[in-house]
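In the form predicted alone, a lone chain appears below as structure tokens.
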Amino acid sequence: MKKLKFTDLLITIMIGVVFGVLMKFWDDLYTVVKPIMPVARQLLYGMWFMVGPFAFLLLRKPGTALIASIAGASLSAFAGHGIEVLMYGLAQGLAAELLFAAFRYKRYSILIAGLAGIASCLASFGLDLVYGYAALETWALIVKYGLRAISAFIFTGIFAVLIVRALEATGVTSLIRPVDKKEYTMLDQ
């Protein structure tokens, strides 16, 4: 199994930082659309689950999903969202990491990345229960978190995989991870 090198760690943290900045702007968008589509805005929520799976898909090494998620959450916490965001980053990154570990870090498909996003969504739901953000009627819980799970799959499975495929097609990722034919083909599974 490939271990993280120092350069991998730096790249993973940079991915987390970039996503942390994106999350700040995404939070603004999420707030703006609240009056327009109060329930349907849950379909935008998957962006907050994307950093860990994206980092793993890019580097394909154990630990990247967790580290990137914590790095992104750290920036978000520093930007004013509070220490609670770090707990979400830890839980979401750990859930994605465990999902990739369950497949021995050898599957990079849309399905596996999407499932990693859903695992992050479930971890987030667990923390929402702890913090009291999920105190809703059963039907409302199902709608809210059902939409979030769909969004998680779309952002982490479809968008993240397509972005990584596009980057690989340009050859940019060969600077951080040489891609052989077998790995490129695995994205199509």
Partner chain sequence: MFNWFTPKRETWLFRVNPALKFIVFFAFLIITLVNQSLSFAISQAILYGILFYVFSGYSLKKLSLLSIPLAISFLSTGLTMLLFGKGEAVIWQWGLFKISEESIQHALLLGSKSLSFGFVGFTFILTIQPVLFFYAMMQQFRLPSKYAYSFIAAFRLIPAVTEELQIRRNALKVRNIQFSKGFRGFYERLQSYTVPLFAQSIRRAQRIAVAMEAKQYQMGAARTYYYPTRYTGIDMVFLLVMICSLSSAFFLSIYR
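Positions refer to the first chain, counted from 1. Computed from a prediction, not measured in an experiment: that's the story for all the values here.
As for the form predicted together with the partner chain, it is not shown, yet the points below apply to it.
- Three-residue candidate spot L22, A71 and F155; every residue lies within 4.5 angstroms of the partner chain in the predicted bound form by at least one non-hydrogen atom.
- Although the partner is absent from this view, I67 contacts the partner chain in the predicted bound form, with a non-hydrogen atom inside 4.5 angstroms.
- Contact check for I142: every heavy atom lies farther than 4.5 Å from the partner chain in the predicted bound form.
- Although the partner is absent from this view, F49 stays clear of the partner chain in the predicted bound form, with no non-hydrogen atom inside 4.5 angstroms.
- Although the partner is absent here, L86 lies within 4.5 Å of the partner chain in the predicted bound form, judged by heavy atoms.
- With the partner omitted here, the residue from I112, L94, L75, I118 that has a non-hydrogen atom within 4.5 angstroms of the partner chain in the predicted bound form is L75.
- Contact residues in stretch 159 to 177 (any heavy atom within 4.5 Å of the partner chain, taken in the predicted bound form) are F159, L162, I163, A166, L167, T170, V172, L175, I176.
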